[in-house]
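Listed next as structure tokens is one chain, alone, in the form predicted alone.
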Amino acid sequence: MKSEQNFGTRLLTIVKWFILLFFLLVALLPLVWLFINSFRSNLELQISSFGWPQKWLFSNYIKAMEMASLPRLFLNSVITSASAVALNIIVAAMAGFILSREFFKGRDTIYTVLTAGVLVPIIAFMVPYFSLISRSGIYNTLFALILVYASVNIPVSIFLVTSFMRSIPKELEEAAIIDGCSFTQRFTKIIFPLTQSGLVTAGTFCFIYSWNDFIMAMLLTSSIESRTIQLGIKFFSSQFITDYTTMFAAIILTIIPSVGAYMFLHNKIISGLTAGAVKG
């Protein structure tokens, strides 16, 4: 009987690891293919889409930096993403504090309305954002992208930050009130420092969206001075020819920061997502 149970347990373990490895390969195969082909020549790619480079062409990366003005676009993306994250976190933290720690009429309705934006497709905001940005006179500026990226991620950030703040024991805040803390001090000295994991999670999602966005950047900018790094990828395609391998090198360079940010902040992101799931 025990041998049958052990056999069943081992079989389930094997099946589980087989499924996990299968999905891991499905996720990694496109990235590995992209990385290998970024070192090949266009002729090799046209002959066969799969294969090792006859000669590893590191010059593709140098060429990618020069052709698409990637350093300038990279700087624009860093400024835009960092500023959008900072603005998004500040607004989400203040809104989350009010919605989670204060009691007033209509609080739940306001929370529902704000978080309902998660259900609206981002593409539905294209016309309203374009009209508002154009009429505001900030079209083709980094400031326009910062405002759009920060606002698009407000619903998700408020949802995460509010859930995290609700999990903080109220006794800490009550003790601070007894010690003489004001409304502002309760936020800055008690709640805000204890919400770091939730803020990091919200900020990471905002950063990944801001860094990887193409549609809004294409819609709201028209010159290289204000465009982001994702738009540099289209510079490798023209009416008659596309430099695929150099474009692959540029894509590898563009995905490194977002992947690195997630790997570096992985633990805080998981803890932020699970905050408030269990109350005790």
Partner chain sequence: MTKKGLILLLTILMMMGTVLPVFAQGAAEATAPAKEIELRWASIWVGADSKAGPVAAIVEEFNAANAGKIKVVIEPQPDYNAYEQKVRTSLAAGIAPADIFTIKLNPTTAEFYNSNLLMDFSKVFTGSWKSSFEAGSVNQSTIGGKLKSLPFETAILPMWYNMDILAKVGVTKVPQTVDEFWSLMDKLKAAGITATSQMTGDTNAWTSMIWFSHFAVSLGGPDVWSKPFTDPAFVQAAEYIKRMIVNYSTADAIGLGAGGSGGHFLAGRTAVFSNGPWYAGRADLAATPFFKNITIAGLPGFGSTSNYMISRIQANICAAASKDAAREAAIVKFLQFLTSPEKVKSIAQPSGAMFAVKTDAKPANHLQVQFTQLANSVAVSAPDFEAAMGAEATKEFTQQLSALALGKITAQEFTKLVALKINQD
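Numbering follows the first chain given and starts at 1. For clarity, every value in this text was computed on a predicted model and none was experimentally measured. Note that the rigid core is defined as the largest set of C-alphas that superpose within 1.5 Å between two forms.
Unshown form predicted together with the partner chain; subsequent notes refer to it.
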Hey, in the predicted complex, is residue 87 touching the partner chain, heavy atoms inside 4.5 Å?
-> yes
Find out whether any non-hydrogen atom of residue 222 is located within 4.5 angstroms of the partner chain in the predicted complex, and reply yes or no.
-> yes
Exercise: residue 137 in contact with the partner chain in the predicted complex, heavy atom 4.5 Å = yes
Contact label in the predicted complex: residue 146 to the partner chain, heavy atom within 4.5 Å | yes
The partner chain in the predicted complex: within 4.5 Å of a heavy atom of each of 52, 190 and 253?
-> no
What residues in 12 to 48 sit within 4.5 Å of the partner chain in the predicted complex, counting heavy atoms only?
-> 42, 43, 46, 47
Take the rigid core as the frame of reference and indicate whether the C-alpha of residue 231 shifts by 2 Å or more between this form and the one not shown.
-> no
Once the core is aligned, please say if the CA of residue 47 is shifted by at least 2 angstroms between this form and the one not shown.
-> yes
